[in-house]
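Here we start with a single chain on its own, the form predicted on its own, put down as structure tokens.
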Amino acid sequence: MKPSLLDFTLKELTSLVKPSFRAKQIYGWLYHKYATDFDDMKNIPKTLKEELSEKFIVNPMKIINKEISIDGTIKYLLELQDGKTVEAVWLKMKDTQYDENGEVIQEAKYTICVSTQVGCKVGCVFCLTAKGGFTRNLTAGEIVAQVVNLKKDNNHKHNRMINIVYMGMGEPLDNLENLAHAIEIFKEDEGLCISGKRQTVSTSGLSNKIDRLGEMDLGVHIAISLHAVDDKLRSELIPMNKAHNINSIIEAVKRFPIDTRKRVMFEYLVIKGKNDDLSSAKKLVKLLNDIKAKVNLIYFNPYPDTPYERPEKKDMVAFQEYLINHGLLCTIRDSKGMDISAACGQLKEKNV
């Protein structure tokens, strides 16, 4: 596979392209005009384009299918150069707001759920991505290309704000070097200019790599997929917990550098009859006692042949109320895109 132009920061591209001002022009074509081919780059000399095309491609993936949910969520199937596929999701978080004269006072807000691997090594028993096993890591350019392709497909201008959550297929910290590289590319002022505070890395809890991500000081938020309050249940749900138990994760989170105005997000997947009782809520309060935390309760999203069940709404609400009454900030996440299998834990590699 040829590397993509989306694999490089502006500084890296400048070292490859001479004269250096051409690199800046190319960056504009990639991230402001969403060019997918060298022929799109009208002000780049033909000789330079020919030279670059021998070594690089512009965009390393293409959209081959998309499904649109009744709630406006769009799930994309993207094909890579080697024929493998990954899924990414376009989520509308807030509708456009208008004043009494019909003028836009606030544009709609969107988040893109990005994949970092083809498949996943972690093997969480509740997640459909894990069923197909692990194939390979995505390159930095393949991570970046998901956002570029989805912004282009939705006519979302380069300078309109977007949030990125690394919560798609794969364990982001299992592909840490490429993830960190992609984060830096997204932050480029001459590119999409997506700051670290608009990027959230979700991890199932590789405690040693939480420390490494913290040492990189990329300014990103971190979300911990906790899902259980004791190691017995967590090891059942996430076999990797045997190597990275709850205590090691909590200690790593305490060391992680966060903006003093922000909180560490803990994702808690609620499964009927497994972890939806008030005894679990009580243990969760105790576990997060010394952390500036926010808990995001997530409904388990069923898929074919799973032994687990979606919890009752009344139990979710009771769990949330217990946490709030005991000093924890807590929200219940809407399950967006369930009708198109685009909700958490439902992404997978597939053929169309």
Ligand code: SAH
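Keep in mind that this is a model prediction, so the values were computed, not measured. Quick note: we count residues from 1 along the sequence shown, nothing fancier.
Unshown form predicted together with this ligand; subsequent notes refer to it.
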Going by heavy atom distances of 4.5 angstroms or less, which of 301, 320, 69, 59 would be at the interface with this ligand in the predicted bound form?
301
Please state whether all three residues 170, 225 and 269 have a non-hydrogen atom within 4.5 angstroms of this ligand in the predicted bound form.
yes
Since the chain is shown here on its own, which stretch among 142 to 150, 81 to 89, 178 to 186, 201 to 209 would lie within 4.5 Å of this ligand in the predicted bound form, judged by heavy atoms?
201 to 209
Partner proximity in the predicted bound form: residue 110 to this ligand, non-hydrogen atom cutoff 4.5 Å
no
Decide whether residue 126 counts as a contact residue for this ligand in the predicted bound form under a heavy atom distance cut-off of 4.5 Å.
yes
Does any part of residue 76 reach within 4.5 Å of this ligand in the predicted bound form? Heavy atoms only, please.
no
Only counting heavy atoms and a 4.5 Å limit, does any residue of 151 to 166 reach this ligand in the predicted bound form, and if so which ones?
166
